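Form predicted on its own, single chain, as structure tokens, below.
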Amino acid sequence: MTYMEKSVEELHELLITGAVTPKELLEEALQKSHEIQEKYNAFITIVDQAEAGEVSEHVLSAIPYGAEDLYSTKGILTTGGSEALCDYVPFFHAAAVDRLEEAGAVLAGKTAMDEFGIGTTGTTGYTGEVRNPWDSSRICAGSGAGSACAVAAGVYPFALGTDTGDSIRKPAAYCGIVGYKPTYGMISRHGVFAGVSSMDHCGVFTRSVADAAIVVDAMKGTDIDDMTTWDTSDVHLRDALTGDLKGKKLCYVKELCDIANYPGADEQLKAHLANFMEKVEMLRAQGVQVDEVSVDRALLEAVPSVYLVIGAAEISSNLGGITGLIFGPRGEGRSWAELMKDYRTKHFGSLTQRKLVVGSYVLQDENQERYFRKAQRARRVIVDTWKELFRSYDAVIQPAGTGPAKHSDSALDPHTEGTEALEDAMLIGSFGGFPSITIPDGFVEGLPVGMNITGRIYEDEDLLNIAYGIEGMMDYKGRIAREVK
């Protein structure tokens, strides 16, 4: 019997009735972790010393899970995916991990990721590339590659990730699972390595919308150690799931979703957009209002550049304390500047180094107005544009990227010119702190693709219920990755 492929609620029922023991669940999760590590390189640390939990009334009690290695874990190696912290063991848990521990969940693995969450491929971490469980020649996307891989492969029903641009939602799409980024500040980021503080979100990978609601219900709420958190005591995500979409108004952006905007479209893009439009028509046939809206394409095309400038600036500030002088392998040199330069040169990956250079450059006094302040103003215009959409619509839906997972060797992938806005459109959800979720909505060439749904800030109950209703119209939830032959 394979238990870990079941949902959280199914596992809880089995535990309550005694059909399975906490020890059996943990042993299966650890065994599967080692199996997929050999195939897909999904972990930095497999917590073989973990102890089985105790069953209680809480639905997460005794259920194993994984956490992206950006989350601090007491007594367990926490590297942030960087060689610079290859021997760092925290003395405390991140707040989100603490809350899951209070619920009785059992941490069974620290998952591999892009270095410090910087990257979109799952290939920049010091432990190497994370491979996709649907096709090991392809990536999982990043930064939450390992968490997405583990959940998709059936190691456990949920894993934690972080989402600064689309680092939960894009890997979820590539791996055929659910990726949920709640409203900014719903989950405390205390104990999670900071990257782009104005956009960093904690979130979760699951195989169903209901499981995502359950896990975030356990993690959300105010935290004195994170001033961005807000009172969620009246938010009950799982209880709000009815699937009733009566009266809901959805929209999609023509400039992103209309195939006519891509005259040289490759077959994958054509199939992906056709699949999305099929789901639009499915919703309309069920009585849901789905309108096409128009947004200035120049604004959409500015999104990647805005993210690059603001992201690099904040990363360069947040990584300022990682010097090799306090923790991490020591550099060599006769002064603190030489020690730090040697440490960072040897132990930071090339992408991280480039981000630090760009960030430092745009923050220089003579460059701030030209780059950083201009990017901030553009971000405000983009966010206000989406807020204006939310005056008329409950959610914006869109394809999650331009198609299925890309090959590790990018030369093997077709490429359509002018697709950057579509590929990076989910960044807008992070720009505005909007709640956003990706759900699987079909297959292209045998590989999963996803639909992204973004809603109004603080209205996570409504967003998840919309996702739950759409999920219920399709037959893609709960699927376990099987390699495409």
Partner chain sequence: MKYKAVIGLEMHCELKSNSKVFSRSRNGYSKLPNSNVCPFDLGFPGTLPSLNKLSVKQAVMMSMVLNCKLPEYMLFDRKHYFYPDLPSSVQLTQNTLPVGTDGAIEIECGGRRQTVYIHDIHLEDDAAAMEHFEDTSVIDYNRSAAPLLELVTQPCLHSAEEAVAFLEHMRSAYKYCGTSEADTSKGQIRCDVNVSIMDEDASEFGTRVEIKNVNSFGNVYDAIKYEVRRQSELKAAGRYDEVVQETRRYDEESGTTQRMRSKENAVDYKYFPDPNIPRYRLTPEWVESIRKEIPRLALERKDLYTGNYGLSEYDASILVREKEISDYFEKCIELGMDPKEACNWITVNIIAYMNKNELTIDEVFLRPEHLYFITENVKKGTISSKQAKEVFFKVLEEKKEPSAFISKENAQISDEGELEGIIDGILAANPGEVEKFQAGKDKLFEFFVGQVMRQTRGKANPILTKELLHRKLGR
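Positions refer to the first chain, counted from 1. Small disclaimer: the values here were computed from a predicted structure and weren't measured.
There is another form of this protein, the form predicted together with the partner chain, and it is not shown here; the text below is about that form.
Asker: If we take heavy atoms and a 4.5 Å cut-off, which stretch out of 264 to 272, 126 to 134, 241 to 249, 322 to 330 is in contact with the partner chain in the model of the complex?
Answerer: Selected range: 322 to 330.
Asker: Among the candidate residues A141, M186, A108, V192, which is the single one with a non-hydrogen atom no more than 4.5 Å from the partner chain in the model of the complex?
Answerer: Of the candidates A141, M186, A108, V192, V192 is the one lying within 4.5 Å of the partner chain in the model of the complex.
Asker: Using a 4.5 Å heavy atom cut-off, which residue among T222, N318, S305, Q289 comes into contact with the partner chain in the model of the complex?
Answerer: After the contact test, the surviving option is N318.
Asker: Whether Y88 contacts the partner chain in the model of the complex should be assessed with a 4.5 Å heavy atom distance threshold; does it?
Answerer: Residue-level check for Y88: yes, a contact with the partner chain.
Asker: Does the partner chain get within 4.5 angstroms of any non-hydrogen atom of D226 in the model of the complex?
Answerer: It does: once the partner chain is placed as it appears in the model of the complex, D226 has a heavy atom within 4.5 Å of it.
Asker: Taking the shortest heavy atom distance, is S72 within 4.5 Å of the partner chain in the model of the complex?
Answerer: Although the partner chain is absent here, S72 would touch it in the model of the complex, with heavy atoms inside 4.5 Å.
Asker: Taking the shortest heavy atom distance, is L299 within 4.5 Å of the partner chain in the model of the complex?
Answerer: No, L299 is distant from the partner.
Asker: Along 370 to 395, which positions have a non-hydrogen atom within 4.5 Å of the partner chain in the model of the complex?
Answerer: Residue within 4.5 Å: F372, and no other.
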